[in-house]
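Quick heads-up: it's one chain on its own, the form predicted alone, in structure tokens.
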Amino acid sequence: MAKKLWGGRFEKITDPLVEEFNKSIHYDKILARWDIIGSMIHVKILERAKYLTAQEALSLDNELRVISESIANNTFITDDKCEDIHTNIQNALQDKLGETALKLHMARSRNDQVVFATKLYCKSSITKINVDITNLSAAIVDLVARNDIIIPGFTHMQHAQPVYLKDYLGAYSKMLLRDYERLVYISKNMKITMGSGALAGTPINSSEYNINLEEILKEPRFKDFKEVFIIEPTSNSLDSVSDRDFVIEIISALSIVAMHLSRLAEDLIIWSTKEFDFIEIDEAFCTGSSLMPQKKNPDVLELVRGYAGRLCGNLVSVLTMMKGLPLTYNKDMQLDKEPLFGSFEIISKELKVLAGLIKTLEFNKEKIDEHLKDESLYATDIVYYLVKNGEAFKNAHTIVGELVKYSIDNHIAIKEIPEDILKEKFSDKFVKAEIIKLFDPRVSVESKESIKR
């Protein structure tokens, strides 16, 4: 049975079923590195507050460095018998330093440790996710640069108007930019605090002992940690240990990323079908069928689409878990970790695999050109033509609607309708030679002047 950070009040041994049900080390071990940072800072605080001698602080700091290096090298042995990674690290220190390690928990609670480590993990993970978002955006920009083409735009999954591919995919770049900025905002506003204790604060007065957390972080002992975080004393210890808004905000933001990626995946799935045949996805990013030898399935894109549901579920699970919890810390809050870690992991994988897939895309320009021959794509351009020639918009809209219906009912292209019929049946403002010029995708897209390119 592993040593615990508590137990003096208990006479009975914890039931093995409770041990198994209660522990979280199998997933919170991901916080090991960040817990070490907190411990190293806490050692310095205790030394300045005279709760540790200089030699004790040095011994603890050195051993924490050793453990940190083993974590970085993946040689740290996780003890699955421990409740959590915080207990695991404490026990490892105690095995090496004995009584000295027991002093480390002065003015400290796991309630405070957990939120501290989790916030550092989140800040680091947001930085990495934003690198992935940037890489996907770059892949989209490069794809557009290689394919200066026009494609049919859609509303309600019906042909609408011609649009530049750069504008179509540029819409996803805009979504990714908002995702990036949303995560930056969340990270910037995530306050890293220390000194909450279990809920009521600690007897250590920062001012009395000249404890400046920002200065402590600049000390040589922290040079191995490239990330620089602003850490400050808690202004409300109850809020600090019980707040999980930052987890909810992050999973919410990641859910929006997942939704955006799902929409992109769906467009690419549709474009890759035989019915559309706009794109060819490289075989390296497809799978086959165990029965049908001809199949080339966009499984990667389908999983991206499907995982959006997992992310939304993660958000709902944490919101529901937090709903109605009294102040301050409750064990329920342990259950925020798996949804949080899982959301970061899924989004990171999706962004990376999509960036790779997009780099391989090839456009079938001949098939796209076939779609662009659909005269209905230019109906709005004909409306604008009539308006420019003095027709009221609503009347022009009605006229062109009737013109399209006439074309369909009589199985005749609008371009083939004689000019006298155009004038007699629809509008005397029609000049066939001018109308024919409108059935050109480049003329259509270049006529739109509201978009700043």
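This is a predicted model, so every value here is computed, not measured. Residue numbers run from 1 along the displayed sequence.
Omitted from view is the form predicted in complex with another copy of the chain, to which the following refers.
| message | To verify the annotation, which of these, Ala145, Ala138, Leu327, Ala72, has a non-hydrogen atom within 4.5 Å of another copy of the chain in the predicted bound form? | response | Partner contact (heavy atom, 4.5 Å) among the options: Leu327.
| If you check Cys82, Ile211, Ile126, Val300 against another copy of the chain in the predicted bound form, which one has a heavy atom within 4.5 Å? | Answer to the contact question: Val300.
| query | Wondering, does His397 line up within 4.5 Å of another copy of the chain in the predicted bound form on heavy atoms? | reply | Flag for His397 set to yes.
| said: Is Phe344 part of the interface with another copy of the chain in the predicted bound form - any heavy atom within 4.5 Å? | reply: No, Phe344 is distant from the partner.
| message | Just checking whether Lys423 would be counted as a contact of another copy of the chain in the predicted bound form - the rule being heavy atoms within 4.5 angstroms. | response | Answer no; every heavy atom of Lys423 is more than 4.5 Å from another copy of the chain in the predicted bound form.
| task | Give a yes/no on whether Val387 approaches another copy of the chain to within 4.5 Å in the predicted bound form, heavy atoms considered. | result | Heavy-atom contact with another copy of the chain at 4.5 Å: present for Val387.
| query | So which of 73-81, 150-158, 130-138, 212-220 is the stretch with heavy atoms within 4.5 Å of another copy of the chain in the predicted bound form? | reply | Correct option: 150-158.
| said: With another copy of the chain taken in the predicted bound form, which residues across 332-358 come within 4.5 angstroms through any non-hydrogen atom? | reply: Stretch hits, in order: Asp332, Met333, Gln334, Leu335, Glu338, Pro339, Lys349, Glu350, Lys352, Val353.
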